[in-house]
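For reference, the chain that follows is the form predicted on its own, supplied as structure tokens.
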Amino acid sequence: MNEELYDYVLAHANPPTDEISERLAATTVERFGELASMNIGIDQGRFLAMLVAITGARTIVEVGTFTGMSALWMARALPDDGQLICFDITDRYLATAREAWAAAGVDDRIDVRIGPAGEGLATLPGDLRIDMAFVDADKTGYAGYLDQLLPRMSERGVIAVDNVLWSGGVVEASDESEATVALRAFNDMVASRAGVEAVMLPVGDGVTLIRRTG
């Protein structure tokens, strides 16, 4: 999608602007420079928020939070008694995230847990049922996160996995970087895995939606 078409997509959302997310995007650039590219765009934020609303999710797990953009969109779509559990490897970006969450009035819905996500997921209560999960962390860990999340998903639960197109790297034969190789293997595994239904969408940098069927 070229810039002109992307601007057209943004202009035809309803409402077309979002002050808090735009301020968070700008603040992330100011404080963290090129790392700001790790944030999702406003189009993907709206997509995640609509998924929360459509599924009626009350419990969400996020793997990889950065400055809190995706968490902001999902938390705002939760009901007042909903909860979003976020796992991130570092608290370096947490203050920036909390500023935005507080401005949106959703800080009390978000529980951030710092440390390796795999270890954190393993500590979740056995009876916890997750209605929606968003995975946007280290690409080499994707397969493991999926294995941990799937058994915990509610009957209609959905997992959204980000960056599955990797700026086209997944189809560039010359790209043999660790993350790219891991994403190719993950995408192939999901496409052939029994007991799940999956669809890959060209939203943002590619999002795969996965739900358990068996």
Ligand SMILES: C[S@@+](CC[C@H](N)C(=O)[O-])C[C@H]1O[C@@H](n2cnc3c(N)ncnc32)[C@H](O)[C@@H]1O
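All values derive from a computational prediction rather than experimental measurement. Residues carry their position along the shown sequence, with the first being 1.
What comes next is about the form predicted in complex with the ligand, which is not displayed.
> If the criterion is a non-hydrogen atom within 4.5 angstroms, does every one of T59, G82 and D107 touch the ligand in the predicted complex?
None of them does, since no heavy atom lies within 4.5 Å of the partner.
> Using a 4.5 Å heavy atom cut-off, which of 172-180, 151-159, 59-67, 185-193 contacts the ligand in the predicted complex?
In the other structure, the partner sits against 59-67.
> Is there a heavy atom of I89 lying 4.5 Å or less from a heavy atom of the ligand in the predicted complex?
Flag for I89 set to yes.
> Check whether E99 has any heavy atom within 4.5 Å of a heavy atom of the ligand in the predicted complex, and answer yes or no.
Close contact is absent here: in the predicted complex, E99 is far from the ligand, nothing within 4.5 Å, heavy atoms only.
> Is G115 part of the interface with the ligand in the predicted complex - any heavy atom within 4.5 Å?
Contact with the ligand, yes.
> Please determine whether V164 contacts the ligand in the predicted complex, using a 4.5 Å cut-off between heavy atoms.
No, V164 is distant from the partner.
> Consider the chain as shown here, without its partner, and state which of I42, A49, M38, L146 has a heavy atom within 4.5 Å of the ligand in the predicted complex.
None of the other options qualify; the answer is M38.
> Could you list which residues of 115-140 come within 4.5 Å of the ligand in the predicted complex, counting heavy atoms only?
Result: G115, P116, A117, F134, D136, A137, D138.
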